[in-house]
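Given next are two forms of a protein chain, the same chain in both, each as C-alpha cells and marked structure 1 or structure 2.
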Structure 1
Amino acid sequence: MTAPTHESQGHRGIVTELITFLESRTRASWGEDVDLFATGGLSSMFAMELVVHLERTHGVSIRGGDLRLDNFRTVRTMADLVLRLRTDGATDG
C-alpha cells in the first residue's frame, strides 16, 4: 500500500502526485487548473478511477454529496477535496 507515504502530504504534494498519475494513465500532460472533462479531455467515466485512486493513495473515503463530477474537474479541486476530507475526518474523530 502506498497510503502512508502520501497521507502526510500538503496541497503541493497531492498536486504533484495527481499529475504524475494522470500522465501515466493518459500519456498526455496536464496542468493544475485544466478541466479534465472538457471537450477533447477525459471521459466522465474516468472520474470513478480518480475517486478510487484518491481513496487508495491519499487515505480518504469519498461518499454521498462529495461524489460530484465538479470535485474531480481539475487537479486543484481534487487536492482541495482530499485536504478537506482529511480535516473533516480529523475533527469528526
Structure 2
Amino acid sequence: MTAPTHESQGHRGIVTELITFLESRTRASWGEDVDLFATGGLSSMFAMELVVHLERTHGVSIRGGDLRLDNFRTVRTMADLVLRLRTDGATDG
C-alpha cells in the first residue's frame, strides 16, 4: 500500500503533515520554526529518511543543490522546499 500524496495541500497542510510525521517518529513535540538539528532532534541518518518521506508523500524529487542542510533545518523550510519543487516541476513539465 502506498502512502497518500498531499499534492493538493498548501503550506499549512504540509507543515501539519510533517509535524505529525516527526512527532510519530521521534516521540517529541515540534514547532514549525524549531531548528531540528541544533536541538538534537535529527541525526544525519534520520535526515535521509526525511528526504525519502518528502519525496514519497509529496511527489517531489530532491536532488543536487536541494539536499542542503538549510532546506531541512525546520519544518517550515521543508514545506517551502516541497512547494518550490512542485512549482519547479510544474513549469518543467
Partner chain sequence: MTLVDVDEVALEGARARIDHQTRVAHLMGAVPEGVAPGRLSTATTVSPVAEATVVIEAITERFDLKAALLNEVGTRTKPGTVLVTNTSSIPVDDLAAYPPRPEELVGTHFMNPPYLIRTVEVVRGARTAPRTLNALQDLLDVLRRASVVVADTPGFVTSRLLHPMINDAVRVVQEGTASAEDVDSLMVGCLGHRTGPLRTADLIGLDNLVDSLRVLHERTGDERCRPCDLLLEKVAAGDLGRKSGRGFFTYERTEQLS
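When a residue number appears, read it as a position in the sequence of structure 1, where counting begins at 1. Think of the rigid core as the biggest set of C-alphas that the two forms share within 1.5 Å after superposition. Given the structure is predicted, the values throughout are model-derived calculations rather than measurements.
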Worksheet item: Which depiction, structure 1 or structure 2, is to be taken as the form predicted alone?
Response: 2
Worksheet item: Rigid core fitted, is the C-alpha displacement of Gly65 between the two structures 2 Å or more?
Response: no
Worksheet item: Can we say the CA of Thr39 moves by at least 2 Å between the two structures when the core is superposed?
Response: yes
